[in-house]
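So this first bit is one chain, no partners, the form predicted alone, shown in structure tokens.
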């Protein structure tokens, strides 16, 4: 080391500086992590403290009363369930097939690269843009009006890019030998994908569908512009005519509750916020259970 101009003292000093720098960086990371955790705990804690007093069976199972100043939020819960269910019926058919095409059929040419870039851009596009598109095309141009169907189409359009990208990543994470082995046994490429590759990619595909469901339940702007209903005195029904009518839902109820301050008691707003949070949590827990079972089957 003497030839490099470094003696033992210099080496020791250099090592000490590196250790101090590494320790300082670790402390900074720890502080950032603690701040992030503290913010999350603070948000969840605030919602729990202010929302729990409003939660009871009547609140969850009854319609609003006395001009939205009393009663429950059942129409909003039902509307959110309908919006999510319709989105999950439409999105997988296009999103999963599109992800399979990107992963196994598109290749790596210039056109597929442009398509992937466009899909990634759409996946990151703010939801208000989809809401305005749905308003212009589905509500006004196609004359669907503010309706459940218009909400389904808008939310599905918003969710498809996410499902396509997660499906592509899930399929690419499966070892190529799965596909090669199945093809070598005489299966066509599609048969090999369906029987050997897709079962192993199911956990990743479910992740994409959960993200889509979470956006369908939690996004307010697209619903506000295409399917949202703030208040109705009509009796709740579930028939074919429901498709052509707007629906009350949790995000829109929250947005309007704060925009029209004083109309809805703050206790009901916080209770609605907690209900929405628990709704999304249940969706994620269900997905975790399904993914765990699928992985357990794959191990066997």
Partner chain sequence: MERAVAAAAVLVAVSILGLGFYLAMESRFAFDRKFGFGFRVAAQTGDTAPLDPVGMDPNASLLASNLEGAEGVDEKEDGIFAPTLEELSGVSGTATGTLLVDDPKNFKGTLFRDDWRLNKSAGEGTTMLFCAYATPEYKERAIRIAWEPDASFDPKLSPHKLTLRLVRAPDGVTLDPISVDLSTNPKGEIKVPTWIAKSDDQRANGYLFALEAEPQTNNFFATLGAFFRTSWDPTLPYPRFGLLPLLLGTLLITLIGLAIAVPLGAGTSVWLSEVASPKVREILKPVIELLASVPTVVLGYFGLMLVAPAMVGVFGSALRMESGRNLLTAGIMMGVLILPTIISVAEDALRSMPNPLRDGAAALGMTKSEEISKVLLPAARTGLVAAIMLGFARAIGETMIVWILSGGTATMPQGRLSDIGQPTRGIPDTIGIEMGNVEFEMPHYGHLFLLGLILFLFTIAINMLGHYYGRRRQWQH
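Computed from a predicted model, the values in this text were never measured in an experiment. Residue numbers count along the first chain shown, from 1.
Beyond what is shown, the protein has a form predicted in complex with the partner chain; the following relates to that form.
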item	value
4.5 Å heavy atom contact, residue 258 and the partner chain in the predicted complex	yes
Exercise: residue 125 in contact with the partner chain in the predicted complex, heavy atom 4.5 Å	yes
Partner contact for residue 164 in the predicted complex: the partner chain, 4.5 angstroms, heavy atom	yes
Residue 183, heavy atom within 4.5 angstroms of the partner chain in the predicted complex	no
Stretch in contact, per heavy atom within 4.5 angstroms of the partner chain in the predicted complex, of 202-210, 113-121, 72-80, 173-181	113-121
Check all three, 56, 231 and 244, heavy atom within 4.5 Å of the partner chain in the predicted complex	no
Contact residue in the predicted complex, from 88, 132, 196, 187 (heavy atom within 4.5 Å of the partner chain)	132
Residues of stretch 11-39 in contact with the partner chain in the predicted complex (4.5 Å, non-hydrogen atom)	18, 19, 21, 22, 25, 29, 30, 32, 33, 35, 36, 37, 39
